[in-house]
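Presented below, as structure tokens, is a lone chain in the form predicted on its own.
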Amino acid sequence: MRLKIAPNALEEMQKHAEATYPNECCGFFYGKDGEIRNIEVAKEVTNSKEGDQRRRFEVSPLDYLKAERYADEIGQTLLGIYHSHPEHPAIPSEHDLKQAVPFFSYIIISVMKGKAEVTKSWQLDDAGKFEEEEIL
């Protein structure tokens, strides 16, 4: 899968990641699905993980429901979730793999010393393993 992220959506995700540092941030992104996924909108949500948010994030069921409704309102598809990895690479963790579902893209932003440095995207393959997606 290949992704094209609108500059304003990418900037919103990266700013959110920097603003929540040293904790992980999370949010959804929306757009049009096709040969290339065109991501047009990013929308942050609250990390609802109890305890240490520096290494984990959680999206509440209510936020998922709101995300689906928002996609309908704006006439776009909910394409995935973004989150940050403070002081770690933009590579999915075992926890990320356990939480992942097919179809969604998972954008991970590596934040080092408070600055968003690397942004990568991942999607589950048919074997249930993450495969890196190309960001155009």
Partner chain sequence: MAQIIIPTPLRKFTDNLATIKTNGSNIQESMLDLATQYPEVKQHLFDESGALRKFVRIYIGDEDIKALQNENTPVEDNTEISIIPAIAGGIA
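In this text the structure is predicted, and so the values were computed from the model without any measurement. Numbering follows the first chain given and starts at 1.
One more form of this protein, predicted in complex with the partner chain, exists but is not displayed; see below.
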{"item": "Partner-contacting position among 102, 51, 34, 75 - heavy atom within 4.5 Å of the partner chain in the predicted bound form", "value": "102"}
{"item": "The partner chain contact in the predicted bound form: residue 90, any heavy atom under 4.5 Å", "value": "no"}
{"item": "4.5 angstroms heavy atom contact with the partner chain in the predicted bound form for residue 44", "value": "no"}
{"item": "The partner chain contact at residue 64 in the predicted bound form, heavy atom, 4.5 Å", "value": "yes"}
{"item": "Non-hydrogen atom contact residue 40 with the partner chain in the predicted bound form at 4.5 angstroms", "value": "no"}
{"item": "Within 32-68, the residues that have a heavy atom no more than 4.5 Å from the partner chain in the predicted bound form", "value": "54, 55, 56, 57, 58, 59, 61, 62, 64, 65, 68"}
